[in-house]
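As a starting point, one isolated chain is supplied in structure tokens, in the form predicted on its own.
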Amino acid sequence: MKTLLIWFVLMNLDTGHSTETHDQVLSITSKTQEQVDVLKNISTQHETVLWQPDSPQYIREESHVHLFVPANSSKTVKDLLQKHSIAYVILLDNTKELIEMQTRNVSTDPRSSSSYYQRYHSLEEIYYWINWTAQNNPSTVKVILIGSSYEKRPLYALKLTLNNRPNKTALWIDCGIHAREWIAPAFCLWFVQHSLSFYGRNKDITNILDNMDVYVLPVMNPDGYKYTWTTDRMWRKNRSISKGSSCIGVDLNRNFDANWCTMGASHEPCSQIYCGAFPESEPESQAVADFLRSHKDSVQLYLTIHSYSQMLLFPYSCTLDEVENHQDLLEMAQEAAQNIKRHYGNNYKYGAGAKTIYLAPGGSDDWVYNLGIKYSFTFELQDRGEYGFLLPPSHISKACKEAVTAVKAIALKVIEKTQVPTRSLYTV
């Protein structure tokens, strides 16, 4: 019996240290500062991709680090971890299969079907969907070209106007600022379809759309998103070229003029959190900023959709200072998180970005807040690391329903605080 017990323990210890040479995602925990330094070195000096946190500078003792390790780096990385007694477990064993499943274009679902919105779609298909949606809803949906990307791809936003009430306020939602966060564009498509389908049938969505126009930018980073489909699924930044460096791309969520490139961002073009040459140096961030500047009097609520980690965040992320209406934002996020927990059982953390995660200057939500749009939120959708950026299509539905629940809770509160809502007629 004792022999069997020892064998069982050894077998279970070995599960975290497989000799398989697949692309894998490891969850690693450093117990000492020396181990932290080793892990920072591994994530920068070896062919790996840091999933969580965003940058090596955020790695701390006792924090869980999620690291994508290609097969050709597997032995070297695991040998270094074992040499320094750094504990790890394998989160995802064969990411190649997951990626192939997500990019396999076998869907023949019509765009009007619910199953269409439970799949990931290429950039070309999203562009087609944008035009299809506008053509099929000519009286309520308008396509707006707000700018173009570094590689000259269009930045299309949809404007949803479900009634002709004058002087309406507006809600802005952007998705896909980080290329590898595929659940974000999937949510933008889901939200548009949900709004058009349930207006007049669902009390909350009807109240929101009777009192607000809605702007939706499905893919803020089209160059990066395209690159994740064709070349590197783990790509985060845009695809701009930096002078004097062979490294490509700027983190668009460090490129806005909110404590730009202070602690929590990097001047190094090779960094995942490279802030760019100057605020709004990137055509993508400048296009969004220009549009919001010109609509700041009507846009009351700003939402930017990210993944992963299940969080509802609000300003500030660029400083530990609290915003003037911190308590209002906290109560809104809390109610949204409670609604998600009540209906779907998932826990979402909530709070000001800098205090809930870490300092992240140059973010769109902080810049928007400083512009004067005082209800500004960042959603980090599913999950907490089981699949991370490779969330399977089978999880899209629940992730989007959770996010819609949060949007409704927050938007209704914003309407309550900023205007007298119209009386909506709807059917149940």
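Numbering starts at 1 and follows the sequence shown. Please read all numbers here as calculations on a predicted model, not as lab measurements.
Below: the form predicted together with a small molecule, not depicted.
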Handout entry: Contacting member of S30, S43, T378, Q52, with respect to the small molecule in the model of the complex [4.5 Å, heavy atom]
Key = T378
Fill in the blank from the handout: Partner-free chain; cross-checking the small molecule in the model of the complex, the single residue of R233, H306, K226, H121 with a heavy atom within 4.5 Å is H306
Handout entry: Stretch in contact, per heavy atom within 4.5 angstroms of the small molecule in the model of the complex, of 351 to 359, 151 to 159, 125 to 133, 203 to 211
Key = 351 to 359
Practice task
Determine whether any heavy atom of D174 comes within 4.5 Å of a heavy atom of the small molecule in the model of the complex, and answer yes or no.
Solution key: no
Practice task
Would you check, heavy atoms only and a 4.5 Å threshold, whether N238 touches the small molecule in the model of the complex?
Solution key: no
Practice task
Tell me, yes or no, whether S317 is in contact with the small molecule in the model of the complex, where a contact means a heavy atom of each within 4.5 Å.
Solution key: yes
Handout entry: Contact label in the model of the complex: L313 to the small molecule, heavy atom within 4.5 Å
Key = yes
